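Shown next as structure tokens: one chain only, the form predicted on its own.
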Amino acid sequence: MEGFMYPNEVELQWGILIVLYPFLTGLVAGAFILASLERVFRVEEVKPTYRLSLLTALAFLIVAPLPLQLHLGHPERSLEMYLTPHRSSAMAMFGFVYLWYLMAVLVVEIWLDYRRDIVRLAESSRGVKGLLYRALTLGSYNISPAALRIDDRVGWIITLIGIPSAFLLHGYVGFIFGSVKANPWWSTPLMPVVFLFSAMVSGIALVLLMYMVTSAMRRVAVDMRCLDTIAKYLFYTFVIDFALEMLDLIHRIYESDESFRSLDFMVHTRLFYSQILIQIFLGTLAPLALLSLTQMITFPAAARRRIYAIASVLTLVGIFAMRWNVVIGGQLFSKSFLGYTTYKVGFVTREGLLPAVALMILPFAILYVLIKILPPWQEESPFVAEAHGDD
């Protein structure tokens, strides 16, 4: 500790779990936006990842509120936001946004898209699987061409509604940080926009990486046209995200208010490795350089796959570092701009490293179960081609 800090400023109120929360919700929003490219904007090249994107968004959305529950200490208190709504609280309103996005958007869209497959599997499966698929039909066994056309139209409308809903789901996190006027590290109107575009970047990178990994595990050749198209959208979105972050930085440097000297000192000391080296160089400039090379130079397919994989991993590392620097970095200096503290992550505590790692693994376990129940691969679902043919 250096300089003077008030006693309640020495210990950070938000730790690694609050870092994990916006990271998870960002992956949800980005994966759903990628799925909407095929459903709403008819980008046929990304069709092989459409269902995978939806299932990935659902798996991570189920886990997204768990970091907040662990941080709360008394998770049963979260029910108060539904029993006694507080409309002026952005954090309280998250509960309703979460339920809307989970139940009214994502689950309904997945059910409509899989309904034909579910009905066929319910008719052909026996035992526990048969009971499960019959329950998933919700009593609707009509899979006539007219009914499937209605499913497709309703699904298109839900996806269209889901795009601003995904923005709202993650944008409010940036809104919460940006509205804290007492903290100059957070208080910027660009914070919600930066969070949104970084969410799109992380979600697209995750689906790109998941598509390559699952294809390799199934020993199925990847669709290079699909990979190239996703990488192109990842590159363009990343450029916008980086430009917004640089705009925010330039504005802070130009404004140079009374907090700038303190923040500048912190960046060059406390956050040098996490922000300068990991976030900017390793997690932003390096993947941008790799992706830009694939846009300018024609590499062999094997080389492009390796470049996309490395760029996706670095992107995810950089976005997590960005969340870390925002949440943790905004609490490392005193309100007087004279004192500084450090943050040490525990290991087996309630808000330690072990619970955070478990929460990062849990969505992949849920995704594995979802894939087993509802396979997203077209070659493993013979009814998908028929459904698109009817459309």
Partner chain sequence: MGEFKDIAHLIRLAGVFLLGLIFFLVFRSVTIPKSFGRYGPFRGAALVELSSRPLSFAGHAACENCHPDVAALKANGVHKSLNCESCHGPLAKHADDPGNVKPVLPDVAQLCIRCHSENIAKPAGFPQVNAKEHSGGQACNTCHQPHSPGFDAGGKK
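Residue numbers count along the first chain shown, from 1. Here the structure is a predicted model, which means the values were calculated and not measured.
Below, we turn to the form predicted together with the partner chain, even though it does not appear here.
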Fill in: Three-residue site 86, 108 and 112 fully in contact with the partner chain in the predicted bound form at 4.5 Å by heavy atom
yes
Item to complete: Check each of 128, 253, 79, 217 and return the one that places a heavy atom within 4.5 angstroms of the partner chain in the predicted bound form.
Response: 79
Worksheet entry | The single option of 147, 310, 72, 293 touching the partner chain in the predicted bound form, heavy atom within 4.5 Å | 147
Worksheet entry | Stretch in contact, per heavy atom within 4.5 angstroms of the partner chain in the predicted bound form, of 301 to 309, 263 to 271, 168 to 176, 136 to 144 | 136 to 144
Practice prompt. Answer with yes or no whether residue 117 is in contact with the partner chain in the predicted bound form, where contact means some heavy atom within 4.5 Å.
Written response: no
Practice prompt. Please check if residue 154 has a heavy atom lying within 4.5 Å of any heavy atom of the partner chain in the predicted bound form.
Written response: yes
Worksheet item: Is residue 103 a contact residue for the partner chain in the predicted bound form, using a 4.5 Å heavy atom cut-off?
Response: yes
